[in-house]
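Just one chain is shown here, as structure tokens, and it is the form predicted on its own.
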């Protein structure tokens, strides 16, 4: 299967109407397109940054709030200023964008405007024809983030085309810490990561962070890569974020994940955070030696206590986070999980958080655990011999 088309969709600042773009996103996905959805109320700078990092073929903008001529053209202008003329801009706005507006916008670089009454099938066909497979350069000489984005694309495309790249020995840059996050869907992994990024950026004004985030592919179709839509603090120039689809692979990761993770780990970031798809009882996603620490994020409402015996990651994770601990069942969940961990033969940490709460002390504590110095030659994933040591933070 050839590499799918990747597009980024977004809604401009001062516009909170996302029903139309969500409908279009779903139609794109059904026809094999991978959609990176940035969400609504987004600045042009956020859209351009995301488009470059995700290395998409085009940006689709839905605007129902006026100001579309200036906004669309500003996105085009910023893309050209960054030297990425190969990322096109298209969009629409129902009855808001007039034909006169369209002529002005296209003269100033906008690729296409869809008007009210255009069929979804017509939009899909146009995107496939316009942004289908085509040769793309390596961006040699471009800024580092653009080169990195293109290299990640080349790795994914190689796997999609059945040409598995050679795998050099796993290694990472000195000083880079790789942290893996997994857990069931709805546990709040993305929000928790976003809050951690905020703290990491504030603690060191020179630190650089990479995020490798995964979403499931629809069987035989495309994918909605939507983690960016809930990432607020991570929209930052010191954060490089890449969204990946599982492309048919089970276990919460993509066939190309390990190679992409290795590239990020060798690219000089202080922290590399990898987030899996929402996973179940069977998942053991982090087999790579590159991962220093693994974090399992859980919801207090996981069902009967018997379910805890079936979750493999409770034996493997270095840190277990009970998020949404403001819920009624949270204290019971903490006690049950603590008893479950007592039998493990390794040191683990148990943390309670409310990621959505401003300045949550549990997230502060988790950040402390993930940034504390380790003794020379030791990684958090190493299993100490002897009796288990569980620490409740």
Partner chain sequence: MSKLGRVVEAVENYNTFVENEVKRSRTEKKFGQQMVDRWNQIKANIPIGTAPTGLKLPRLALPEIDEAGDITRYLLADGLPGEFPFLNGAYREMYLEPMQNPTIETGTYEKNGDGKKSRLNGSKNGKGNGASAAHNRLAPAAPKPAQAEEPTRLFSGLMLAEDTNARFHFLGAHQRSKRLSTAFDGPTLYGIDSDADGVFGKIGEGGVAVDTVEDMIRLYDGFDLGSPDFSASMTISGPAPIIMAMYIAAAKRRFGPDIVPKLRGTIQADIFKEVQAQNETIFPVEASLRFLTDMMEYTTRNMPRWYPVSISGYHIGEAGSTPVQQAAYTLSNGFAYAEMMAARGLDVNDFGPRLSFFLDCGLDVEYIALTRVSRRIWAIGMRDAFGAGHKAQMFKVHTQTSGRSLVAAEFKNNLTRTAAELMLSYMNGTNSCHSNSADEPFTTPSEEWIRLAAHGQAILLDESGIFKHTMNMLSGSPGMKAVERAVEAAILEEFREIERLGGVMGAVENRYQRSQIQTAAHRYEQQIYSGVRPIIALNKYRNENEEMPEFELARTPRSKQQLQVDRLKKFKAKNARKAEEALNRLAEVVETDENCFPALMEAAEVCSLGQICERLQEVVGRFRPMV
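Source: prediction; values computed, not measured. Residue numbers count along the first chain shown, from 1.
There is also a form predicted in complex with the partner chain; it is not shown, and the following applies to it.
Point to revise | Partner proximity in the model of the complex: residue 42 to the partner chain, non-hydrogen atom cutoff 4.5 Å | key: Within the cut-off, so yes.
Exercise for review: Answer yes if any heavy atom of residue 100 is within 4.5 Å of a heavy atom of the partner chain in the model of the complex; otherwise answer no.
Suggested key: Yes, residue 100 is a contact residue.
Check your understanding: Would residue 231 count as touching the partner chain in the model of the complex under a 4.5 Å heavy atom rule?
Key -> So residue 231 counts as contacting the partner chain.
Check your understanding: Can any non-hydrogen atom of residue 132 be found within 4.5 angstroms of the partner chain in the model of the complex?
Key -> Because no heavy atom of residue 132 falls inside 4.5 Å of the partner chain in the model of the complex, the answer is no.
Exercise for review: For the three residues 150, 208 and 293, verify that every one has a non-hydrogen atom within 4.5 Å of the partner chain in the model of the complex; reply yes or no.
Suggested key: No: none of 150, 208 and 293 comes within 4.5 Å of the partner chain in the model of the complex.
Exercise for review: Taking 4.5 Å between heavy atoms as the contact cutoff, choose which of 250, 218, 120, 312 touches the partner chain in the model of the complex.
Suggested key: Selected residue: 120.
Exercise for review: Report the stretch among 361-369, 30-38, 342-350, 329-337 that approaches the partner chain in the model of the complex to within 4.5 Å, counting heavy atoms only.
Suggested key: Among the listed stretches, the partner-contacting one is 30-38.
Exercise for review: Give, in sequence order, every residue of 14-35 that has a heavy atom within 4.5 Å of the partner chain in the model of the complex, or say none if there are no such residues.
Suggested key: Heavy-atom contacts to the partner chain in the model of the complex: 14, 15, 16, 18, 19, 22, 23, 26, 27, 30.
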